[in-house]
Ligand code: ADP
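Just the one chain here, laid out as structure tokens, in the form predicted on its own.
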Amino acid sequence: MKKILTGVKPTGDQMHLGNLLGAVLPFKRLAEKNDAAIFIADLHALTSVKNAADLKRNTHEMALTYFSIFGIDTPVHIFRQSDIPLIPKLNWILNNVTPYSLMLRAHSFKDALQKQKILEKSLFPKIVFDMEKKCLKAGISDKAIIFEKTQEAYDNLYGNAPNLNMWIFNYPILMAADILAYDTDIVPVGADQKQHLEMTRDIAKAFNKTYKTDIFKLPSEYIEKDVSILPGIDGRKMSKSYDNFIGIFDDDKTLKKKVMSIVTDSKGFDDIKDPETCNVFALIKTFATPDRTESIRAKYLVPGYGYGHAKLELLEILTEYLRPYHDARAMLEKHPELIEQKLQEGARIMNERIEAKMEEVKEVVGL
């Protein structure tokens, strides 16, 4: 039995069908017959969510989503990252063996740094020019006062932009603490997170080398292979960035609106159509049973079957496919205490595990 761990960041974004097939259900299958856990990374979310009410709501929404999909009685331990008080302590200990040069190589930090440079380059000259003009018009010529007012104007405008702070810089170390605390064997990640797991192994090696121990296990990444790209309603890859997604928990009206707006070619009602190039059929064959898929495929190849017919069949298929998740969510929305009980249970189990590990760590470092 392997120890499997993954984290999900509660950003408030709605989970869509692409997320379900590409990440959530593969983890659920991987978790079977293994010791699996999911933490809701509310500490990580502090890098982007700066409102307490939003963070609490997003965290609850993420828990509600996962328990609706996995079931409230799932054997997977689901817990809040912030309910594990020893994680920040381990994070600090790992900071003391993590090379500065390693953090500089992190893609997440380099991306954030580049965005800030672009922002400063585009904003600051204009702010300087506008403020100098405004001050001179008001009869203010003192350069110190003009500079102060310029800096204030820049801070007010820049405050709404992504903030390059130490959380972003140290993000991979906190991620390493999350993983190493539990002697994790496998971490399911997306391809964009592979580097962070490589850094986790580097940090574990640095600690083990520094203290001449093998206390931290080196985890392996698991990247789901052969995941088909699910088309969105505009034919591009389904993505929140493109706003072309179908949400797992879209209501009936929204679901119908999105399905009926899926982009198709211009072939008419009586034209024979190619199912293999059709965005609607791509979703049908993903979610329908094999028998129904072949039945619909045959309809494409004869006159008199329009894209409207295919969309209505897809709507029926998706409604049936998603119904168990919708029903589970409706029940949990009426009983939020069940979610809190399971989160607390998950935290209790994971706290017991990290407490045992931290006793070893403290002995090694001399605390």
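Numbers follow the displayed sequence, beginning with 1. Bear in mind the structure is a predicted one, so any value in this text is a computation, not a measurement.
One more form of this protein should be noted, the form predicted in complex with adenosine-5'-diphosphate (ADP), which is absent from this view; the next part is about it.
- Of the candidate stretches 234 to 242, 172 to 180, 76 to 84, 96 to 104, only 234 to 242 has residues whose heavy atoms lie within 4.5 Å of adenosine-5'-diphosphate (ADP) in the predicted complex.
- Taking the partner from elsewhere, no residue among 72, 342 and 344 has a non-hydrogen atom within 4.5 angstroms of adenosine-5'-diphosphate (ADP) in the predicted complex.
- In the predicted complex, adenosine-5'-diphosphate (ADP) sits beyond 4.5 Å of every heavy atom of residue 358.
- Although the partner is absent from this view, residue 229 contacts adenosine-5'-diphosphate (ADP) in the predicted complex, with a non-hydrogen atom inside 4.5 angstroms.
- At the 4.5 Å threshold, heavy atoms of residue 190 reach adenosine-5'-diphosphate (ADP) in the predicted complex.
- Looking at residue 10, you'd find every heavy atom of it more than 4.5 angstroms from adenosine-5'-diphosphate (ADP) in the predicted complex.
- Contact residues in stretch 11 to 28 (any heavy atom within 4.5 Å of adenosine-5'-diphosphate (ADP), taken in the predicted complex) are 16, 18, 19, 22, 23.
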